[in-house]
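Here we start with a single chain on its own, the form predicted alone, put down as structure tokens.
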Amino acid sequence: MHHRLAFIGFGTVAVGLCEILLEKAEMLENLGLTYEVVAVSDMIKGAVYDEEGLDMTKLLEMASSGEDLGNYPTGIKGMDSLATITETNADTIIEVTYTDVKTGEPATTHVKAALNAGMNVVSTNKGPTVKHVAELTELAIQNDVQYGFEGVVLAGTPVLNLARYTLAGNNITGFKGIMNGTTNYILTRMEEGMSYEDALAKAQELGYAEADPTGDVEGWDALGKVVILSNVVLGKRISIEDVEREGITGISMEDIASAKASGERWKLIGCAEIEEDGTFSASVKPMRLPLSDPLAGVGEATNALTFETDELGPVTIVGPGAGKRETGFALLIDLLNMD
């Protein structure tokens, strides 16, 4: 399928996708994916649109050097995000602006505008899917376009496609997983003897944690992913208020030592389950897992998720939950799956 791409946001994830598209152009063409980038709109880096297509290598060079995209040698300059969506010849929008899980904005407005304009959307933005996944999915169907969001849970590790395609025919009754790499890294370091404060500082130094780590360590990031999986995979209609939440800030070194002495390991686990009587529960909280649990062996900033199925029993997938190329690859998965 040929795509005329417009990027709404041109940060780390967008750059990761562009690098993959450039490096693997021949492979992707053999898989049926061809493309041209016609527009980029970023609140900080500037905006440019050329209906004949833009040089992606030039765009990456400008973004890397900090040069305003408005200095691109051709095209129309300065279009904001909504104008880029509604007034260009793009047919597929790459929505990679910042995430606000609590409001879903501004990404939800972008996604709705694109779908209503008859454009495909691929996005790694959790905000719209946490708040409005059912509405947006239905809107895509009504407009005969596609909305892909594989990367909103575990970046390039394909949990949504795993459930949708590979596990099709199973009744999935629940899931549990390590859905936040920052907290998993901190807990790994604490088990090695590092204090919480030092482990957090190291995570920030390595770029795993933000200067304000609240979204990670208090469980908000994982909570959003539990809501998405519950609604998309388990067919529920829940919101963030329906999920019990507890972060890792209350775990002490004594707690770590006690679990270790018992052959267990602390992990921040997001989970949901449908009981036989139909009762549903969902939570994000620290749990002591026996070392025999596949999730207990997943250390560092790695993520993992176990689906409970009726035909296969528990099925676990392990992989990266963040990263420039890894998250960019999630966008590529969605582009390849479009028909």
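Owing to the predicted nature of the structure, the values given are computational and were not obtained by experimental measurement. The first residue of the shown sequence is 1; numbering continues from there.
Not on display, but discussed next: the form predicted together with another copy of the chain.
Checking 43 to 51, 23 to 31, 57 to 65, 266 to 274 against another copy of the chain in the predicted complex, the stretch whose residues place heavy atoms within 4.5 Å of it is 23 to 31. Taking non-hydrogen atoms only, S292 approaches another copy of the chain to within 4.5 angstroms in the predicted complex. Another copy of the chain is not drawn, but in the predicted complex it has no heavy atom within 4.5 Å of V15.
By the criterion of a heavy atom within 4.5 Å, F329 is counted among the residues contacting another copy of the chain in the predicted complex. With a 4.5 Å cutoff on heavy atoms, G118 does not count as touching another copy of the chain in the predicted complex; it lies far away. Checked against another copy of the chain in the predicted complex, the candidates A201, L162, L139, A83 yield a single residue with a heavy atom inside 4.5 Å, and that residue is L162. In summary, among the residues T157, T97, N231, T92, the only one with a non-hydrogen atom within 4.5 Å of another copy of the chain in the predicted complex is T157. Using a 4.5 angstroms heavy atom cutoff to another copy of the chain in the predicted complex, none of T173, G235 and D242 count as contacting.
Of the residues in 305 to 331, those that come within 4.5 Å of another copy of the chain in the predicted complex through at least one heavy atom are, in sequence order, D310, E311, L312, P314, V315, T316, I317, V318, G319, P320, R325, E326, F329.
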